[in-house]
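In structure tokens, the next block holds one chain alone, the form predicted alone.
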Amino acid sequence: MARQFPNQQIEWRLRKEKIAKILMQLSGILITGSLFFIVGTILYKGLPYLSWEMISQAPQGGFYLGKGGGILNAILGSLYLALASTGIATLVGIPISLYLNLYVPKNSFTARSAKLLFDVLFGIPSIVYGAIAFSIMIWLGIRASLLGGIITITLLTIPIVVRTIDELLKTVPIDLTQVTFSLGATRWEAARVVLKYIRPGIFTAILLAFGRAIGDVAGVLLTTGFSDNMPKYIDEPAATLPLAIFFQLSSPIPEVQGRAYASALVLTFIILFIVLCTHLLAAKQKKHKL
């Protein structure tokens, strides 16, 4: 085997650096182009059908046949479902992550098994959660309703919150917890210090859970039901934006299909608003930390 001289090694390393840089640039262009293509398609097909009437009114008779009305019931249903399930998942997920990182030894069988379990739960398709939640609803005597959807999406988003917070806790310096314990703090007091340190990242975890909750279709198809009425009670069927988009795209009427893209545009705007709010809160927290 021929021996490479130092100059040849340097040239080969520089060549690999250029290849890696080109591949990263191509990946960035591909992802950005895909994003603009998706948003552009939704804007092109949905913007002509988007109106204040569509956003501010519930469906009227024959809405899915091209007649009057709007999707206000689906907007409210999606917000109620996503906010409730994300809030519950956050309240449950954060203590679980703190327990696995502060109360249980990191290399113990319990910690490793629990994290492996949540990794598996993280990758399970939402339709499986829907089937499990549907079984729970039958056992509890709950019909398809907003409550059933909240149960399903909460089960779906808890692993997201737990694994995201777990990764955030890995970024906490070991010295921070050691100094906290050396000052005589309890584990709960140390947990409060750690939570304050990772607070900006918690907003990201909540955003991930909220985005998954508000955009899920398969999980709520069996458990939430669908209704043209405004969501008033938790034990009644409720419409969601993903299901409204699904039913409208299934229609052979071009106007109804256009409304589906307009509904997708509304859903995109909601996600964009949540993203902007999250970034503003995270930036504010980082500023206070500095």
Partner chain sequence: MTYRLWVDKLVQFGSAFLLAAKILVVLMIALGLTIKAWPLLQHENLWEILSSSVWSPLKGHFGFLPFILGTIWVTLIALIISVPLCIMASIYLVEFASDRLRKSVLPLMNVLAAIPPVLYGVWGILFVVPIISQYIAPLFGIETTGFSVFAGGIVLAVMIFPILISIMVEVMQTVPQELKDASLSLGATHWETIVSVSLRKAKPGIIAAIVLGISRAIGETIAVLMVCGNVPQIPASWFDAGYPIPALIANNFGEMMSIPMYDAALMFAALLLFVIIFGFNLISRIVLSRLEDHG
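Positions refer to the first chain, counted from 1. Everything quoted here is computed from the prediction, not taken from an experiment. Rigid core: the largest C-alpha set superposing within 1.5 Å between the two forms.
This protein has a second form, the form predicted together with its partner chain, left out of what is shown; the following refers to that one.
For the candidate spot formed by Q57, A144 and L280, no residue has a non-hydrogen atom within 4.5 angstroms of its partner chain in the predicted bound form. Contact check for P242: a heavy atom falls within 4.5 Å of its partner chain in the predicted bound form.
In the predicted bound form, at least one heavy atom of L222 sits within 4.5 Å of its partner chain.
In the predicted bound form, its partner chain lies farther than 4.5 Å from every heavy atom of L72. In the predicted bound form, its partner chain sits within 4.5 Å of a heavy atom belonging to L35. With the partner omitted from this view, the residue of A84, V172, L76, I124 that lies near its partner chain in the predicted bound form is I124 [heavy atom within 4.5 Å]. For the stretch 133-157, the set of residues having any non-hydrogen atom within 4.5 angstroms of its partner chain in the predicted bound form comprises F134, S135, L155, in sequence order.
Fitting the two forms on the rigid core leaves the C-alpha of I174 displaced by under 2 angstroms between this form and the one not shown. In the core-superposed comparison between this form and the one not shown, the C-alpha atom of T32 has shifted by at least 2 angstroms. In a rigid-core overlay of the protein, I138 has its C-alpha displaced by at least 2 Å between this form and the one not shown.
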